[in-house]
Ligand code: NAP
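So this first bit is one chain, no partners, the form predicted alone, shown in structure tokens.
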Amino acid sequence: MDYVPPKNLLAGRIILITGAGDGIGRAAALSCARYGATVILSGRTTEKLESVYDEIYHAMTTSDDGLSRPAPSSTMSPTIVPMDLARITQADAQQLARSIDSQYGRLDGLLHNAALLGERLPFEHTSIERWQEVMQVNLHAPLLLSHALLPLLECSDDGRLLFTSAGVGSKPRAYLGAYSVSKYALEGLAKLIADELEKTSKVRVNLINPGSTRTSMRATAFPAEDPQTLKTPEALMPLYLYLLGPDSRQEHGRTFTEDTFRRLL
């Protein structure tokens, strides 16, 4: 990808990332912080979030030549928000909104990244309990968070609401039941919100389909695949930075892949 983000692309922006402890979410958190954003790290495993926090904080307090820098202010330091999306309620989402409002007064970006793969089985053999869990994490949690946090995105001069889809989001695939259906429905949710906000809001709503990427979820879904043949999460970051930053203010209601991003450039 030829997009080269300016060093201060996200300076002053407050961005919440779900699933920030691993994979694409981790790469996005590190990249957003590197380009100036204050990141809110959300995920289920506190230890993973702390590791990302430490890496961001170290980068903020250490110069390129290894010398120490002054500690960042509390409004610039990353924040950890442990959250199990399999159990999140409307009250939880509203409490998070109140907390962000109290600390920052707005939200400039919300990246829905966290997801569950679920079972790879024929529909007739699917566990309904597992199906409901996947739908909760992949669809209902983004719905609850978007609903609660949209007013804070509206407080931004240039808000971004970014959903993570997949190839099965446009065409469900056999034996990827709940995951396929959740992503299919998620695309519908994102496009609904985008359509409603198109002429009434500065918030830009888009979807990313990251494609085949070297993540633990991909390894679980395709265990025979050589991960070295896949792109890394870091290779996707120009696209994520573009859609979370000011250069994408004209993009709305679209689904982006690597190919569409290359054609755009």
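Just count from 1 along the sequence shown to find any residue number. Worth saying up front: this structure is predicted, and the values here are computed from it rather than measured.
The following text describes the form predicted in complex with this ligand, which does not appear among the structures shown.
Here the chain stands alone, but in the predicted complex its contact with this ligand, taken as any heavy atom within 4.5 Å, falls in 164 to 172 among 97 to 105, 164 to 172, 144 to 152, 118 to 126. A residue is said to contact a partner when one of its heavy atoms sits within 4.5 Å of a partner heavy atom; G245 fails this definition for this ligand in the predicted complex, lying far away. Taking the partner from the other structure, this ligand in the predicted complex has a heavy atom within 4.5 Å of a heavy atom of G211. By the criterion of a heavy atom within 4.5 Å, I14 is excluded from the residues contacting this ligand in the predicted complex. In the predicted complex, no heavy atom of L10 sits within 4.5 Å of this ligand. Checked against this ligand in the predicted complex, the candidates T45, S51, T61, T232 yield a single residue with a heavy atom inside 4.5 Å, and that residue is T45. Contact annotation: of the candidates L85, A194, L176, V134, the single residue with a non-hydrogen atom within 4.5 angstroms of this ligand in the predicted complex is L85. Here the marked residues G159, V203 and Q250 all miss this ligand in the predicted complex; none has a heavy atom within 4.5 angstroms.
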